[in-house]
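Next up: just one chain, as structure tokens, the form predicted alone.
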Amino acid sequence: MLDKLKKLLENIRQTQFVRSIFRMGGGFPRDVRQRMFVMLNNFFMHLHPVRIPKHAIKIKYTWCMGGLSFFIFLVLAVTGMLLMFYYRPTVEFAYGDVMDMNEQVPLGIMREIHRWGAHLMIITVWLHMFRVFMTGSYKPPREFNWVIGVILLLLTMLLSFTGYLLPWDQLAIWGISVGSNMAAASPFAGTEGPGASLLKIGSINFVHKGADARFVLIAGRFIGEAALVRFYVLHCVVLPFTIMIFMAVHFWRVRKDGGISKPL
């Protein structure tokens, strides 16, 4: 029985399907050299290092926060796409659509997974940054990847912030009102921020209530349908694609820097 199973596996290795995937001519890689070529020639695998240090698979060192953050992002992407089929970003339908999704199965479960996954991703990304800082993984030659990580942290928080308005209930509207008013206090970009008075030449004021950070964020002077549509596009298209690009650079840079950093 065992011999027949080995023969079956060997026949599978020699099929054109498997040979076309691994591009080695002999099926699955059998030694270190073949594994190296598989990693370098595969579009998805080439983002990872050929060899992994022993400490890199220890949970007590990595906490698995980076991998968990990426996994939760994939869960949010899948559940978010399912919810997009039944959500209409308009003042008339947004709240009703969210209530309908809460009462429907499996969409009700999908929205709860999406909501709790968003909270969990914030936690895992912060813990990942904390682990990187505590292990000194931000030091040369990894300082560039640390900057990429900080950008990903900010984008993750923006992703959560833009999704906060989509239910279009009182909690969402007043929460975004507070956040957008904080944008008005941005230095040199908000009407209430430091340096705004300096951006004035004669009678021309370059920063006013119709052209400041708050106006750009909510697409108007008050939170209405324009703000809902803008937050919807940012949450579903702009920010996810931007995060994917920076994630690819982040993973690629980890490989170029020799994998997960070693303990000091």
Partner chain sequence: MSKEKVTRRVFVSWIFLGWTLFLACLGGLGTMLLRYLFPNVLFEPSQSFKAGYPENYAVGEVSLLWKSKHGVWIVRTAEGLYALSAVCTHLGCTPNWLSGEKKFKCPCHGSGFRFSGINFEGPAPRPLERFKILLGDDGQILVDKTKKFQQEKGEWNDPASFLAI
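Every value quoted in this text rests on a predicted model; they were computed, and no experiment measured them. If you superpose the two forms and keep the largest set of C-alpha atoms that fall within 1.5 Å, you have the rigid core. Residue numbers count along the first chain shown, from 1.
Not on display, but discussed next: the form predicted together with the partner chain.
In the model of the complex, the partner chain stays beyond 4.5 Å of every heavy atom belonging to Thr90.
With a 4.5 Å cutoff on heavy atoms, Met84 does not count as touching the partner chain in the model of the complex; it lies far away. Not displayed here, the partner chain is approached by Phe222 to within 4.5 Å at the level of heavy atoms in the model of the complex. Though the partner is left out of this view, His235 does not reach within 4.5 Å of the partner chain in the model of the complex, counting heavy atoms only. Scanning 177-191 for heavy atoms within 4.5 Å of the partner chain in the model of the complex gives Ser177, Val178, Asn181, Met182 in sequence order. Core-superposed comparison between the shown form and the other one: the Cα of His208 travels 2 Å or more.
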